[in-house]
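Only one chain is included here, represented as structure tokens and corresponding to the form predicted alone.
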């Protein structure tokens, strides 16, 4: 019997947990799910008591964390990315495999050599983005290269959005994953290669330098550059590509409106505003605007200039930023105060469905001819719990762990799904779960 420990049962974990529970008897697994809210976990395992158990968990409780890891054969960390380090260090020290859906961190890199020496797997970037994006891109890249083709340009875009039937607010957005990550998205400098030239976009321009992506049947989307695209040239085998760009998708108009918050400083998370609950959100806007006798709305229009229009204003008005709505938090950074508001305004309501959209764009030369190919994915969630986000984050991770435990691949140290041993069986099973890419020459 293999003992699997899942740490974290948040909004992105539902499909992963369902997968492990439904397959536990088949593969002789025992599933332990550790979360700060034990009652939530118990509700998930009601029909699986013989193969699963719930544990109340605090990641900072070192003795409990170590004891749970000691009892496991494989650990799945669904915690926020910054919390993986302590869990991973315990796993390697105690001789346990670990998997996350998060980007490879310096903590993981520091453990790579020891993990390889101990034949331990450190599986990372095996969710949606990063994860399915790697797997699906590498499938096409390898197919083109196997034919003798040379890829000259690669662009990849992904967004967690709201499904058309549940799109009832002017932002076209509702939270289907960690809200904090959405608020802080784009911070840092985007780095990519465009037509052979190195490009940088600092945070203060991320939401103004966008392009438009179109997906058949779903229309157009805003796309902005995301993180460090250059670092994936080597893992993807695209060192000779003239263009390498990874980006994020949002509904049209989102980026222009979000840029208001960036320009004002409302996404700043570096300091706290005390006694915030004595203010309204209108007061908060006022505090970030130049002085003057005009109304807050007029001051904002003057401050933003050409970067604001009627559509942007309608989005801000939807958030009740000009209606003296009180701030509920006693203390918080500007980003935290904004998040507290958006968690209420962008809530997935009962019955709401989210949507994942991903598109890869390839340009390549084959037998002297220049060709273009698009590979697109759209996944619609079932409801506000079994979301498209939860499916596309959790299922590739769960499937890959199953494939490792059943011997379909034997790789150790840091691994991401860019190798055939990992991505081929993963993509094959995902297709059976209706997570399917559509490819077309353009």
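Residue numbers count along the first chain shown, from 1. Here the structure is a predicted model, which means the values were calculated and not measured.
Beyond the structure shown, there is the form predicted in complex with a further copy of the same chain, which is absent from this document and is the topic of what follows.
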item: Interface residue in the predicted complex among 322, 346, 288, 103, criterion: non-hydrogen atom within 4.5 angstroms of a further copy of the same chain; value: 288
item: The unique member of 167, 153, 178, 189 whose heavy atoms fall within 4.5 Å of a further copy of the same chain in the predicted complex; value: 189
item: 200, 209 and 273 all contacting a further copy of the same chain in the predicted complex, non-hydrogen atom within 4.5 Å; value: yes
item: Non-hydrogen atom contact residue 316 with a further copy of the same chain in the predicted complex at 4.5 angstroms; value: no
item: Contact of residue 194 with a further copy of the same chain in the predicted complex (heavy atom, 4.5 Å); value: yes
item: is_contact(residue 336, a further copy of the same chain) in the predicted complex, heavy atom dist at most 4.5 Å; value: no
item: Residue 184: touches a further copy of the same chain in the predicted complex, heavy atom cutoff 4.5 angstroms; value: no
item: In the predicted complex, segment of 103-111, 263-271, 145-153, 132-140 with a heavy atom within 4.5 Å of a further copy of the same chain; value: 263-271
